[in-house]
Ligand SMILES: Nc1ncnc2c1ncn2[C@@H]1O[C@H](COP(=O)(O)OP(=O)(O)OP(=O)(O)O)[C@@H](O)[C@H]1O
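We begin with a single chain expressed as structure tokens, specifically the form predicted on its own.
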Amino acid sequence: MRSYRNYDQLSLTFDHTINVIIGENAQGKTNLMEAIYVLAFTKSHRTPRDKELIQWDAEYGKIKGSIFKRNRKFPLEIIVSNKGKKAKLNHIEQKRLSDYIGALNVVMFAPEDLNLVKGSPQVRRRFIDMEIGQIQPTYIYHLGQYQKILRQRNHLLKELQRKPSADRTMLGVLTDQLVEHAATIIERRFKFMQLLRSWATPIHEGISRNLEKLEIAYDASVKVSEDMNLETIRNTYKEKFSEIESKEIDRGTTLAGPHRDDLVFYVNGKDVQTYGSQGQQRTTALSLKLAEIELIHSEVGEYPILLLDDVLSELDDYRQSHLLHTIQGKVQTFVSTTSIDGIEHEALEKAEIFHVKEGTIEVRK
């Protein structure tokens, strides 16, 4: 790693089981976790501005890593500069970032992920999109095209709002393009939901000692359902946009589509976001994260890397223990924390310990 955040230059070899990064706040431990995340997804989970990843006096920042996948070693490289990003897989620069994503599978669990249940719909949409993108990289392409067309369509709707009598031909063209990508996105989200349910429901029952049953529902802005095929979803969207066209022009924005959908979580039949206790909300978030790990393993054939960024201190002893016991021995894990005092679990006894201070790292056994 070079010229990344507060790290001038850093080279580390990690343990294949558990790695604990200890340091006070603002020393660089989350920057290290973020670098692994960026190596997987080509973007940060903390900021949309790539230039923030580069040291202020540097022209570019670089992250390199080697992963072992299907018994083979693969070098990965991300270079971030003011001119954009370059992603290399096995020394070959990828033309599209969507061709790179999925090479390294990562699941991150940070304090903000506890907002997965009680946060905004945008948080839950991002959760779905990032996870589908890991197991089906072409999904990222469709999502990118959808967002690009959505911006164009919203811009045109604002123009038509000012001039209602203007020609609407271009609106029809953009709507058709939007529908194509929307239908694919929705179909893949439904399939992902079915997989997520199959893993999250039994995991939640285990954490809650069989006292709670978790259900996950997809709250769509258009009346589509999981039993519909791609063609039916596409036709349903076309009908919806035809029906609301005048209203969209009046409002100057796109009123339906995957960008307005949400996930709803129910525990014992009650909406957890509205009626659940903080404990139920945290159990649901933990169940979803553990389900992600198993889901990726079932689809890809290998376990992802798990990043636990300052989250253990946010969980009570029982949930801490359940999390560490579940991942022990099968998931390469990175734990960042200000201290491991009070976290007693055999999984941490043999961990590799890294102490971070002012952008330098000391390794201690």
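Treat the numbers as computed from the prediction; the structure is a model and nothing was measured. Numbers for residues come from their place in the sequence shown, where the first is 1.
Omitted from view is the form predicted together with the named molecule, to which the following refers.
Contact annotation for residue 66: none of its heavy atoms lies within 4.5 Å of the named molecule in the predicted complex. Although the partner is absent here, residue 46 is a contact residue: one of its heavy atoms lies within 4.5 angstroms of the named molecule in the predicted complex. In the predicted complex, the named molecule sits within 4.5 Å of a heavy atom belonging to residue 28. When contacts are judged by a 4.5 Å heavy atom cut-off, residue 54 counts as touching the named molecule in the predicted complex. From the list 322-330, 54-62, 37-45, 293-301, the contact stretch for the named molecule in the predicted complex under a 4.5 Å heavy atom rule is 54-62.
Taking the named molecule as positioned in the predicted complex, none of the residues of 249-277 brings a heavy atom within 4.5 Å of it.
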